[in-house]
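This document opens with one chain alone, in structure tokens, the form predicted alone.
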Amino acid sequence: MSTATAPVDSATGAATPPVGKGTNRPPGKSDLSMALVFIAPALFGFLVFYLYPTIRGIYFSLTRYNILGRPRFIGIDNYTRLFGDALFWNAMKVTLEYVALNILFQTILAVGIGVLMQRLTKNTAVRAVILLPFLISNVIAALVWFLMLDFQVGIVNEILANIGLDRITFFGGDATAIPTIAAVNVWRHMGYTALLIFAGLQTIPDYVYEAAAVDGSTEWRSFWRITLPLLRPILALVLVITVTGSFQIFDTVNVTTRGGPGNASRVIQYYIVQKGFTEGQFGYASAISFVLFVILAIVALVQLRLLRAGESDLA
């Protein structure tokens, strides 16, 4: 009479579970139920706070709705009106100007800070100081810079006057309003972006730079030929986050300029809120929001495609 014995681990001498039982068994109904329990909170949040409002907003974009009455279906009239709305196109132009300035300066400065942290110091205290502006709320940061850059009593203009230079209407000038708003947001988000890039730099192995140094490559040449190409996946992530966040700029504008002077800083998000909550045109505001959603989706897809996010030259 023979008896079945469990396999024994040669290193520890302990019995191991037989193959086909326990760890390698196919998933059953109990596993599916347990998985549904774990994903239920996230699924509920997605359905209630993302999918339902999106579908509801698309429906409102096809109606005339002022929140005091029932929505009246009008087809694509809101979209037809939108393409002939000069203020909408001005808001889109102003937003694109802001997005270009924000992305250009934020990305360049963040890459520079990330590389300097990688090469000079990895001190945790330095990273905390760099991240500090990001921990301040947008409203507080905008209010502080609004007071510092005030034409009459702001400390920056006081310094300019004391050294013999003309005062500058930072938030009050047609040509300076958007660059000033962009500078405030670059200051606030630059540290967070730099830390993302710093994390990407940690994934590049040292032997790559050592091999380049043996071949006589300079620091500058290694940066262009090694660092930037190997940072492509994290740069794709940074650009998608920055672009989508930049298109949604609102609080800084609302605190500092309220879209002025004239329409010089009336960005698209401010225009949507103005149409919806100030003028009560929720249907038209929903149509603008849906167009903005489509633009952001296309921009994100094009960025991910062009930068081949997820692919690394190290693979």
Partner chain sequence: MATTIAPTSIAPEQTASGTRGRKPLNAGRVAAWAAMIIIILITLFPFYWMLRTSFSTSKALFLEPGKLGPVDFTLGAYKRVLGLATTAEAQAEGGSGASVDFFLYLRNSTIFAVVATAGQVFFSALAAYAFARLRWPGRDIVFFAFLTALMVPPIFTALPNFILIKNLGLLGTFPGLIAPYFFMTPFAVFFLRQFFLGINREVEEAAKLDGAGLWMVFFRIILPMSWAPITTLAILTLINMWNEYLWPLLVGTNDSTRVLNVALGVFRSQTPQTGPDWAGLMAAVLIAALPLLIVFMFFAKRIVNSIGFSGSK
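Positions refer to the first chain, counted from 1. Computed from a predicted structure; not experimentally measured. Definition used throughout: the rigid core is the maximal C-alpha set that superposes within 1.5 Å between two forms.
Keep in mind that the form predicted together with its partner chain is not shown, yet the notes after this line are about it.
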{"property": "Partner proximity in the predicted bound form: E279 to its partner chain, non-hydrogen atom cutoff 4.5 Å", "result": "no"}
{"property": "Its partner chain contact at W220 in the predicted bound form, heavy atom, 4.5 Å", "result": "yes"}
{"property": "Close approach of A100 to its partner chain in the predicted bound form, 4.5 Å, heavy atom", "result": "no"}
{"property": "Contact test in the predicted bound form: I136 vs its partner chain, heavy atoms, 4.5 Å", "result": "yes"}
{"property": "Residue among L230, L82, L237, V243 with a heavy atom within 4.5 Å of its partner chain in the predicted bound form", "result": "L237"}
{"property": "Residue among M92, V156, I168, I204 with a heavy atom within 4.5 Å of its partner chain in the predicted bound form", "result": "V156"}
{"property": "Heavy atom contacts to its partner chain in the predicted bound form at 4.5 Å, residues of 180-212 in sequence order", "result": "W187, R188, M190, Y192, L195, L196, A199"}
{"property": "Threshold 2 Å Cα movement between the shown form and the other one for F250, core superposed", "result": "no"}
{"property": "Core fit, then A175 C-alpha moves 2 Å or more between the shown form and the other one", "result": "no"}
{"property": "Core superposition between the shown form and the other one, C-alpha change of A161 at least 2 Å", "result": "yes"}
